[in-house]
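Take a look at this single chain, the form predicted on its own, given in structure tokens.
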Amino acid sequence: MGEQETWGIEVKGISRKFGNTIALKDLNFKIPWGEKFALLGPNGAGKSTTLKLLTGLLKPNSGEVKIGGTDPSTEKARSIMGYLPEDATPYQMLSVRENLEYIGALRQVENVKEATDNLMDFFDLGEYEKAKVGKLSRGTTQKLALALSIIHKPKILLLDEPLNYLDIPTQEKVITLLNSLSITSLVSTHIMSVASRLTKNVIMLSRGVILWEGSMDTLRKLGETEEPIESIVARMMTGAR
């Protein structure tokens, strides 16, 4: 298998500044096809910036990003990638159905109406079908944003705090759905329980650099007997400051 076929996501020596502030410094990691990783770190660690670089919404000051072996700004990369930003804002003046059908058409979904109906049913969005997004609650908007990120059945899914604003029953439905998908995924979160339920591997960020990388099982073994994994992570992050 060639290099391009092996890695779903490649990050090579990425650095990114905002003015004089260094958001990311010499980031390097690779995610094989079909693997699910968490991008774990406190607020301000650089998680959202990393996802924006992977989607092509931002450009690195140095380094290189590849999605499926190609630049994230290419049509090929965009066609296989789904993205849920933190505090996602679908088109405010369109209805729930109009958002789904519009994005589905842009994503060249073969049967847009059927895909829309299925996602509206799964996320219990039927009663809001004709409601403008600007009138929706934050939780309902998050459900719509999740539906928009997967309507085209992406091979690579980038999620920034995917369970934000969702009630517990909906969280459980979303966790079950995401775990059932045969995808390459990177989930950005600062909540360890979210990371451990959605992924098997961790890339831990602190102040724009990778603090640790490995499997959830290996991470647990770094602690004392029966020490909560949250305690292990907090100790590692505190030690990095």
Partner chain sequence: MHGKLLKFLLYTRFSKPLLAVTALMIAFCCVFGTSVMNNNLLASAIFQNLGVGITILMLVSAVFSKGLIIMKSDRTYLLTLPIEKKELALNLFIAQIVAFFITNIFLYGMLIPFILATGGISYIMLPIDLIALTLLICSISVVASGLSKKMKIALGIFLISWTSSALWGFPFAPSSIFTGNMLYGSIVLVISAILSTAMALRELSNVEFKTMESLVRATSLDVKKIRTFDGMSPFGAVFFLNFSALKFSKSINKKSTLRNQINSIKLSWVMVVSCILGVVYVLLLPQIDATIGYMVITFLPVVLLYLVCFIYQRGMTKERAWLAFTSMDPMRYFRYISAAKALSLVTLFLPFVIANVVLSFLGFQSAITTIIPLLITIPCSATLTLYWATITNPVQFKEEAPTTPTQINLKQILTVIPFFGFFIIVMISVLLPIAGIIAAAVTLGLTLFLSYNRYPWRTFVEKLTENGYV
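Not measured: the values here are computed from a predicted model. Residue numbers count along the first chain shown, from 1.
What comes next is about the form predicted together with its partner chain, which does not appear here.
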item	value
4.5 Å heavy atom contact, Glu129 to its partner chain in the predicted complex	yes
Partner contact for Gly139 in the predicted complex: its partner chain, 4.5 angstroms, heavy atom	no
Its partner chain contact in the predicted complex: Leu57, any heavy atom under 4.5 Å	yes
Proximity of Asn164 to its partner chain in the predicted complex, heavy atoms at 4.5 Å	no
Heavy atom distance at most 4.5 Å to its partner chain in the predicted complex, all of Arg16, Gln92 and Val112	yes
Its partner chain: the contacting residue among Lys66, Lys36, Lys52, Lys30 in the predicted complex [heavy atom, 4.5 Å]	Lys52
Members of 87 to 125 lying within 4.5 angstroms of its partner chain, judged by heavy atom, in the predicted complex	Ala88, Thr89, Pro90, Tyr91, Gln92, Met93, Leu94, Ser95, Arg97, Glu98, Asn99, Glu101, Tyr102, Ile103, Ala105, Leu106, Arg107, Gln108, Asn111, Val112, Lys113
